[in-house]
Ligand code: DP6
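Before any questions on binding or motion, here is one chain by itself as structure tokens, the form predicted alone.
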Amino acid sequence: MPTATAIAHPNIALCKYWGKRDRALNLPSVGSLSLTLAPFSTTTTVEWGAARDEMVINGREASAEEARKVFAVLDLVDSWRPKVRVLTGNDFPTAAGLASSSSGFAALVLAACAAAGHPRTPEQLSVLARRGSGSAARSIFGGWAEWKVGERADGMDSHAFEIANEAHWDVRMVVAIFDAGPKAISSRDGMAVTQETSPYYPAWVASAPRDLAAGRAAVRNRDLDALGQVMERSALRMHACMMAADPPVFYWKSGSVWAQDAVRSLRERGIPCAWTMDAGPNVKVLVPTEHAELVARRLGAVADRVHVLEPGGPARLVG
């Protein structure tokens, strides 16, 4: 049977995506900017023409909800598709605010299109990946990527594109892990309650385009001070917006605050660095490569585990 295997890396949003203008199509309310990160990765094999629809994640059978999301995306690859077997695994924690869904759906659509004999352009793959997980639109691309809001009702113009490749800037992302387990509130549910109930949500949407433009310019100019200001402002505004929801959507832990304080202390000592957080308690710190180990040691004093990651390449076929 036709089979293909793909690898994709997760990405971390520096200018945040939170909230949707169309939930069914996973169309964002705001544009976003991200950095794809290696060596964290998802490897996915798709067998096109199996005995039955089957999905295995990290060696276990997928839950009904996990399988539903995946096979719904495969129906978009080919509405007349045969039965499909999907084997996928991450080499980093799943559903812990480390963007495992971004690499997961990026690898899935690339492998599925190859196995089905339906090749797509990177932009078309980005649209498909977005249907499974919004952030996956960006993991099709390596390095620094931007995901456009788009204007079309069908969402075909809402995809990511590369701003700069992984070799553009000699930086590292230091990831401080405070909880590697699944988060209590999924990003999908957290977005919905924030959008429906937070009084800050309209202001969040209104402020995002300015941050995105500033972040894009900072990346192109390799200006960490400017990008750091945008990163931290975007993350704080996003989390303030969700904390004001009813009921509150709260992902922070005490260690999250300690890590933020550590970053500010390092900056006061002249070490250029900036933090961000997604829908989870773990803190990610962007820093020039020459200072990455120092930052990792400092965060290691407060975190359960620390990883030093580098800009990663685009999703790719490996078999």
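Since the model is a prediction, treat every value here as computed from it, not as a measurement. From 1 onward, residues are counted along the sequence shown.
Below, we turn to the form predicted together with the ligand, even though it does not appear here.
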With a cut-off of 4.5 Å between heavy atoms, is residue 9 one of the residues that contacts the ligand in the model of the complex? no
Taking the ligand as it sits in the model of the complex, is residue 104 in contact with it (heavy atom to heavy atom, 4.5 Å or less)? no
Taking heavy atoms only, is residue 279 within 4.5 angstroms of the ligand in the model of the complex? yes
May I ask you to state whether residue 135 is within 4.5 Å of the ligand in the model of the complex, using heavy atom distances? yes
For the ligand in the model of the complex, the stretch among 271-279, 39-47, 288-296, 257-265 with residues bearing a heavy atom within 4.5 Å is 271-279
Contact residue in the model of the complex, chosen from 191, 115, 177, 219 - any heavy atom within 4.5 Å of the ligand: 191
Since exactly one of 238, 230, 84, 249 fits, which has a heavy atom within 4.5 Å of the ligand in the model of the complex? 238
